[in-house]
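Only one chain comes next, encoded as structure tokens, the form predicted on its own.
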Amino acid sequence: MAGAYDDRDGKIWMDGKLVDWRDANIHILTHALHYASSVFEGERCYSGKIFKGHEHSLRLIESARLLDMQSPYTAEEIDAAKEAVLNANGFKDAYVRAVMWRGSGEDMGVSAARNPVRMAVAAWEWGSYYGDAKWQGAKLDIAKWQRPSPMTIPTAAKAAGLYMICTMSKHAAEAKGCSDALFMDYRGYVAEATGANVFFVKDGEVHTPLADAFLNGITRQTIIQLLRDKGVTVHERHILPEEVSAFQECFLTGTAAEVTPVAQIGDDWHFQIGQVTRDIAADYETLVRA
């Protein structure tokens, strides 16, 4: 499948039923379009099975709750909607996007308590998120923006509004020939990339930023468990930028990114694509296709 995302063949699940792809539309006065009252999930289906699909459904509901939205569907109903989309489009290996938002209704201001909460699920075939960087190592820019304090916005929600600085940072990175950008958080600690969590390796041990100001990714949690099951020591902690030059390996994790090695961050930080990175990438690939 190719072409603009609003002009494709296929089916999208929307508010309880499958509709033609081109008919999956919303009104211009939808609250989410004006006030970012929207949450979403990104998932991958491997050989006909969505990896940790139920966990993603539960997180979608929790993200909505954190934005003061009551999900109109249970996790089991969301699971069924995703399966319906995959079956309707004949996909076995695909990316799945579930989104929940405040629609148009009686309110059109900051307050939108009377507007309905709506939901849709789409899926499409999507290869490597970072292209050749998945094998050659990504190059990251350093974002000028910072991940915000949890006191300013619910950072534990996968909320659309939290991604605006991601879009701007990734555009700036791409303009420099980079694959992505690395954020610091509001305190100056290393945080994450625009759509993936970051890990570092030093002397066979793994270090990853503590997820206290950004989303604790489902893939991140999976990788940490895989590493610990292998007997690898994992440190979840605050990491200062001045520590990064001492790390030997670096990799990104995420549903879209899967496990992607990093070769360079900014102008000064360089990494090898080492054995820890290669092994965990292989272990993850085996797990998702099990």
Ligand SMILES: Cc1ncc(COP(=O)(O)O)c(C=O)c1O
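These numbers come from a predicted model, not from an experiment. Residue numbers run from 1 along the displayed sequence.
The same protein also exists as the form predicted together with the named molecule; that form is not shown, yet it is the one meant from here on.
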In the model of the complex, the residue from Val96, Ala143, Ala196, Met100 with a non-hydrogen atom within 4.5 Å of the named molecule is Ala196
Pick from Ala133, Ala156, Cys178, Ile218: which residue has any heavy atom within 4.5 angstroms of the named molecule in the model of the complex?
Ile218
Proximity to the named molecule in the model of the complex (heavy atom, within 4.5 Å), stretch among 225-233, 241-249, 56-64, 26-34:
56-64
Can you tell me whether Tyr163 touches the named molecule? I mean in the model of the complex, with a 4.5 angstroms heavy atom cut-off.
yes
Give a yes or no for Thr255: in the model of the complex, does one of its heavy atoms lie within 4.5 Å of a heavy atom belonging to the named molecule?
yes
Using a 4.5 Å cut-off on any heavy atom, which residues of 271-290 would contact the named molecule in the model of the complex?
none
